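The chain below stands alone and is given as structure tokens, in the form predicted alone.
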């Protein structure tokens, strides 16, 4: 058994990371105010409770997956119990500086996404300046349970929260739209859905493994007077690229605003 991890706030993301950690051999205790909401986690070998202090005291590493203000309140309340332990914050827009103001922990700010549940998440993270070098490997190994990881500068965290943290919602909208298109042209529902998600999965794998720019790979599919160019024409006419850029820019600005408000509130 690997180290024991407390997941404070087993909502959508908290439950996803708890499941991923358990699959990778960690002992996990997950908390939620109404623990009956996470009763299904027990069947996966995850301990559940509603007592955050008990969870923290019994664990080596703490992951906090709460809304920013709730996260700050719990960090302040449990500061002594977290002392000298590793604290990984998944709270959106919550800066390391604010956490360190109230925490006696070795702090990591991270952002993953719901695909962590199946080991397909993309997790970005940064360490506080005083984080011991010899313990960073523990964090990287733990975060790798969720999927691919990358250490980044904290200044990029708001943009990455908008791009990859929220990203599955955008891609799931694409998959749903492709499925509806399949239904419109007469495909059975299950086949339309499978063709849609398998195509998205394959295209993403092609980008990741080839190293080529998406525009280069796209051109390989488009032939003169073929089927694909008609579809691309309609997509370009709809302004789909502009819509994605506006969506992610809007989400980034929202995250930046929340971060700024938190910094001002706690005078960091």
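Bear in mind that the values here come from a model prediction, so they are computed numbers and not experimental data. Numbering follows the first chain given and starts at 1.
Although not depicted, the form predicted together with a small molecule is the subject of the following passage.
Interface membership of residue 12, defined by any non-hydrogen atom within 4.5 Å of the small molecule in the predicted complex, is confirmed.
A residue is said to contact a partner when one of its heavy atoms sits within 4.5 Å of a partner heavy atom; residue 54 fails this definition for the small molecule in the predicted complex, lying far away. Shown alone here, residue 70 lies within 4.5 Å of the small molecule in the predicted complex, counting heavy atoms only. Heavy atoms of residue 114 reach within 4.5 Å of the small molecule in the predicted complex, making it an interface residue. Of the candidate stretches 147-155, 95-103, 132-140, 70-78, only 70-78 has residues with heavy atoms within 4.5 Å of the small molecule in the predicted complex. Among 87, 90, 124, 162, the residue placing a heavy atom within 4.5 Å of the small molecule in the predicted complex is 90.
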